[in-house]
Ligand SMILES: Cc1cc2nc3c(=O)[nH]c(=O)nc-3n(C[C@H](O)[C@H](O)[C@H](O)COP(=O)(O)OP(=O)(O)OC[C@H]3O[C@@H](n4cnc5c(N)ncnc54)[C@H](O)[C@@H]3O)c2cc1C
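Quick setup: one chain, the form predicted alone, written in structure tokens, and binding and motion questions come after.
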């Protein structure tokens, strides 16, 4: 007799595992199916270069996760029972400039302000002000992130209740570029602020990115480049242990290829090996929405739903090189060269905007490329053999190249990776060939091959433009995790609040499913069980 399940979940990225964890705590029989040999999706940690060198395949900092009730209130016991341990490195991030100066963020805000003061005392005051001003509203943005669409007031409705609500409505709907230019006057400080704002892979000249000018620096000022001991993969691994301890099941190497539909209702999934897995209460998908619509007829979804999804925009896409090193990169910080867990190289506001323009045109920006370099082993020496280090260099480069399409990446990725390394060496010249022990390159095409959820090379589910955020994500009228096909729910980064490791989509989906099953997330967290 086939095993019976209350809920079947497609995908074992962190959001689907978060959703499954809450559902198993409710006493439901949950099965998770994962296409890859290992769980975690973009929060996995793997030995990509050499044995013993643990590399975060995508997510390297759990800054957003700190605001999630799952971690902030330890709702799932991941800290007290499953041993998650985070560290806050200091310094946090540095930005070297081509004139030999640098701007470095420290955990001590006074020390960070002094970095701004080197370029402009007015900008030092502006930095302190922008941190304080976001402190006054970040709880509102946080509630919006961790509340399903339709289960609370809209962000606009909450903000307008404030005496300065009209100002904040304008601020978050502006571009980050407009906000930064309003607060800061020096080219160095503007470049630093916009470089950080771009880390969520959104174009800083795009409307509705204004919040990023506040939230990115605020989160890092308080939580640093917060790093999970043992690798980012420790988060999904802890979730998996919880799920299994509560009686759930996770099966890897099971790629979902079709929805099982009986009458008008989704009742499970079919897998590439011919297997079928049925659920008695709910079917949950974290399959990319662009791929999910291909698993049932257009008639089942509705013509409008399909038309919207067919026009889904991927947004910025990633190019990554992972290195195993014998020493960390050393940057000009103060009057010496020293390591830093994260550095971002942008060079100027103009350069950042030219890079953004090139991305939109499908062109590689060769001149002074943007690079985010992350050396997680500085914060967590357990990731490498003694004396070793890991380094991940990320650039935002187009998936669909104007002069050859995505297939050209297989021809040019070695050349582009070396180009990025040579540019990084201008600021960290100690990264000589003898320091590099091994490397692994992932072009945007490789990232899609590695994880099908990285559709067209995007690691964040798709652009967070006004057309693809909030009540519009993934489709207006279907943003509360219920899909047009009854019985089917959607989670993951193509749902509110979007990409990055926040656990928001997973927790929000669990909230909705538990509500539909006659209980509540709060009751489950308090220990109540459905069965």
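Positions refer to the first chain, counted from 1. These figures come from a predicted structure and were not determined experimentally.
Separately, the form predicted together with this ligand exists; it is not shown, and the next lines address it.
Asker: Find the only residue in 45, 468, 490, 60 having a heavy atom within 4.5 Å of this ligand in the model of the complex.
Answerer: Here the answer is residue option 60.
Asker: Which one of 196, 287, 204, 359 is close to this ligand in the model of the complex, taking close to mean a heavy atom within 4.5 Å?
Answerer: Result of the distance check: 287.
Asker: Looking at the partner-bound form in the model of the complex, is residue 35 within 4.5 Å of this ligand by any heavy atom?
Answerer: Yes, residue 35 is a contact residue.
Asker: In the model of the complex, does residue 460 come within 4.5 Å of this ligand, counting heavy atoms only?
Answerer: Although this ligand is absent here, residue 460 would touch it in the model of the complex, with heavy atoms inside 4.5 Å.
Asker: Please tell me whether any heavy atom belonging to residue 49 falls inside 4.5 Å of a heavy atom of this ligand, as the geometry stands in the model of the complex.
Answerer: No, residue 49 stays farther than 4.5 Å from this ligand in the model of the complex.
Asker: At the 4.5 Å heavy atom threshold, is residue 401 in contact with this ligand in the model of the complex?
Answerer: Contact with this ligand, no.
Asker: Which single stretch, out of 187 to 195, 253 to 261, 406 to 414, 274 to 282, brings residue heavy atoms within 4.5 Å of this ligand in the model of the complex?
Answerer: Going by heavy atoms within 4.5 Å, the stretch is 253 to 261.
Asker: Would you confirm whether the three residues 394, 452 and 501 all fall within 4.5 Å of this ligand in the model of the complex, going by non-hydrogen atoms?
Answerer: Result yes, every residue of the spot touches this ligand.
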